[in-house]
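Same chain, two forms, each on its own as structure tokens: structure 1, then structure 2.
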Structure 1
């Protein structure tokens, strides 16, 4: 039912601050001598997709035909766990930066369907959240990405799907689901919360 190392899947809607929080978490873990590997799922997917000429950047992935996304999703999960198995022992933590749901052009699509769960066997699924208006503002400010998801109402709907998808994915491996707030101007608060949760797995 589990890998020797702990597996924490970190989710949250685009622009909520997952990558920002996890970059800080990596620094903090190093200071505390916690053995951890952070894997950005989208980076694994986009590297393969660029190599075979499917996309130029990560924000085009969710617009690909679903069969292509599925193939990239399968490969990424396998590569992540293969890298983690080489680097981590039973004291280690694999932290995966990903999404419980992806808003594709044809509909909401699970980021953690059974075939992905069977590879990860997560101990914990963290759902990073912030107020919809705050997320909207973060998406707008961050010009390095092309998230363009419409307005606050769309964000509210996506948050609802993200919560239900996280819990649906938790069922298969009896993973816990924890909601962690990423407050404006204070991502360290989210880092502390995640470290506290990691301690209790």
Structure 2
């Protein structure tokens, strides 16, 4: 039912500041001698797709047929667990950076379907959140990414779907689900909250 190491899936909608929080989490874990590995699921998917010849670059990934995407999800997940098994012992933590839900042109797509959960077997699913108005302002300030959710109401809807998807995913492996607030100007609070949750697994 579980891997020897603890598995924590950390999710968050675009603009919530997940990358910042996880960067700080890695730094703080190093200071505290916590054996931790952070794996970006999307990066593993791209690298796996390139390795097996499905794509040449990241931009081609989203254009793959659905069945190729499903196969790729499993291969990338298996690669993450393989790497973690080499680096982590029973006191270690694997942090998987991903999304619990993805908004596509045809609707919402679960980021943690059963065939992925069967590989990850998460102990904990963390949703990093912020107030919708704060996320909207962060998205508007971030000129490095093209993000358009149509405003605060669309962000509220995406947060609702993300929570629902995370809870549905948690049922398969009796994973805990926790919401961690990432307040404006204080990502260290989110880092401390995640570390506290990790210590309770």
Ligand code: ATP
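A quick note: this is a predicted structure, and the numbers were derived from the prediction, not measured. We call the rigid core whatever largest set of C-alpha positions still superposes within 1.5 Å between the two forms. Residue numbers count along the first chain shown, from 1.
Name the structure that is the form predicted together with the named molecule; the other one isn't.
Only structure 1 matches the form predicted together with the named molecule.
What is the turn angle of the smaller rigid part between structures 1 and 2, given in degrees?
Expressed in whole degrees, the smaller part rotates by 30 degrees between structures 1 and 2.
After superposing on the rigid core, what is the C-alpha displacement of residue 71 between structures 1 and 2, in Å?
Comparing the two forms, residue 71 shifts 3.6 Å at C-alpha.
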